[in-house]
Ligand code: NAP
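Before any questions on how it binds or moves, here is one chain, the form predicted alone, in structure tokens.
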Amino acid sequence: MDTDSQHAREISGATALTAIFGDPVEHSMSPAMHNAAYAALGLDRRYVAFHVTPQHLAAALRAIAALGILGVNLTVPHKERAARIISEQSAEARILGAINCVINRRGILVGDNTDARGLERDLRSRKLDLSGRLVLVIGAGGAAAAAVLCAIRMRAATIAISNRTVSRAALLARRFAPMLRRRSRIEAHGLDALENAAILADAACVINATPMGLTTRRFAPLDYAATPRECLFYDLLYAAEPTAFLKPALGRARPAADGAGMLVGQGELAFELLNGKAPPPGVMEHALRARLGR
């Protein structure tokens, strides 16, 4: 590295900071993506990762304004808790009941959520058409809520939510039912839906919005062969190798994608919120793929 490049990368008293709060946070790819965009734009800004435990989240959020941090991203397990702390929120954050991006606007913290938009951006980039089709969402937590909102926006005719606890799936279905278009429907099922040929035969996309395969070596029983050949299997998790959810799909010649594209999409949107300008096209994706060895 030459002297000028070395100097450009130094952190000084004038360097502005953005960050991510998580527990754990050491694995986060966000610093690599955001810092690559700062370097490409020549901005004297840095994105850092802070390990923030749940009991310290409120204090950490208050510190954003005190320290002059431009804003932060939030990851597990802080998104829902932050929505109960931050009063100023975007409509999207209120719909999802979760915040993944906190913007410091002259000392006032504003919460937003870019997860559903990030997922939609990635699915559309894959030319996936959900109009009039069925989407099966596995899970009933915050990630599943983002997937359901995305499916509604992409005009899915039927959204089937499959969760170990059916009552939680039903609660999520009731939350989003008022947003459905005419002749569309949302259904709640147990995990038995993953082996229900009647549901799977109409699926245009199956989305895993659970940590299954990350916290366990195996995924729940799922009849991959019952899905149409063009059905996309999409895991919100991402890893260097195909996840336990995606491996069987690939083995049956089904299209498959992990959450790396969603991470890039929501990250690009968050970058614009935090910095007031969009990152250069492709820079954040290239940085992520380099870290994943792709």
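The first residue of the shown sequence is 1; numbering continues from there. Every value quoted in this text rests on a predicted model; they were computed, and no experiment measured them.
The discussion below concerns the form predicted in complex with this ligand, not included here.
Using a 4.5 angstroms limit between non-hydrogen atoms, residue 191 touches this ligand in the predicted bound form. The closest heavy atom approach of residue 210 to this ligand in the predicted bound form falls within 4.5 Å. Within this chain, residue 184 is remote from the site of this ligand in the predicted bound form, having no heavy atom within 4.5 Å.
Put simply, residue 97 is far from this ligand in the predicted bound form: not one heavy atom of it is within 4.5 Å. Interface residue among 231, 52, 249, 263, judged by heavy atoms within 4.5 Å of this ligand in the predicted bound form: 263. Among the residues 70, 237, 256, 61, the one placing a heavy atom within 4.5 Å of this ligand in the predicted bound form is 237.
Comparing 156 to 164, 103 to 111, 85 to 93, 173 to 181 against this ligand in the predicted bound form, the single stretch with non-hydrogen atoms within 4.5 angstroms of it is 156 to 164.
Along 167 to 187, a non-hydrogen atom within 4.5 Å of this ligand in the predicted bound form is carried only by 168.
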